[in-house]
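Here's a solo chain for you in structure tokens, the form predicted alone.
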């Protein structure tokens, strides 16, 4: 088996990217794979999510990028067997400035991972991991470029809200540019819809447009909004430690099954994934979300009552018609060469 190297990206923050990196990695590890997570975000949210604090000067992704530390020396274990992390701290915030004049600055992480893999394979006769997942920062700067060049696959995490598709054509162009100039093996192989609430009309519309817009594969499992997923980082745990029977655990277990099904000769998803519930939960059990209010609940009846999908002020009057989410047909076309379908 080869070592899959996957970058999780989106230039927009708050879309569930780090949550997905942690919990997808944990689900893959629980399914028997050896997984390495790389925290490339100077905020260090992935490290904090897994209760890893890195004092200044300790092994970290900053030291790998800026001080030439061996990649393997920066790894630390987690509470999940088979899951290791290359953590970071606030020192990484200055890395882009420090690397700006470095020769081969876009490929430093790629070279470090290549050297680590080659040394381990020569010594033990096998690659050191089955999956390397890079959590890139919410930007398209030098750190993200390093993460993309070090990867062979790109997963895009998209929030199923109004701005989901804004800027996606630019992100795909960046992937295609890196594909041409720095990493010819790089391609988008998965789109992950995140923070999805099937009870909201807007979320359903946006998800439908995501599936229309991308020629690359959109995973069947959408990651639903979940209070348990939001709470897990405050306990320094993955969702499988914090709430293994929650809908969020079920979503990431099923997503991991789809990722495992991309492997050559893979078993069917149901055979390859950790056990967790995947059925839609009722509203009261599913995250305590409140659906969009109906006009009757939001305001007293008036002669000129508006349709139920229009917003109301506190006084119950219509402020403006709701704008529809961007349509796939209205957006710039995507370069299909940036995508690759991974088949067993």
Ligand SMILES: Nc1ncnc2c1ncn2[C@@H]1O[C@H](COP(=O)(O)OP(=O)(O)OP(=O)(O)O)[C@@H](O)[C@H]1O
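This one's a predicted model, so the numbers in the text were calculated from it and none came from an experiment. Residue numbers count along the first chain shown, from 1.
The following text describes the form predicted in complex with this ligand, which does not appear among the structures shown.
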**Prompt:** Is residue 144 a contact residue for this ligand in the predicted bound form, using a 4.5 Å heavy atom cut-off?
**Reply:** no
**Item:** Contact test in the predicted bound form: residue 15 vs this ligand, heavy atoms, 4.5 Å
**Value:** yes
**Asked** Can you check whether residue 230 is within 4.5 Å of this ligand in the predicted bound form, heavy atom basis?
**Response** yes
**Prompt:** Looking at the partner-bound form in the predicted bound form, is residue 43 within 4.5 Å of this ligand by any heavy atom?
**Reply:** yes
**Prompt:** From the list 175, 113, 85, 223, which entry has a heavy atom within 4.5 Å of this ligand in the predicted bound form?
**Reply:** 223
**Request:** Identify which of 165, 129, 195, 187 has a heavy atom within 4.5 Å of this ligand in the predicted bound form; exactly one of them does.
**Result:** 195
**Candidate stretches 206-214, 230-238, 144-152, 76-84 - the one whose heavy atoms come within 4.5 Å of this ligand in the predicted bound form** = 230-238
**Request:** Pull the contact list for 83-101: residues with a heavy atom within 4.5 Å of this ligand in the predicted bound form, in sequence order.
**Result:** none
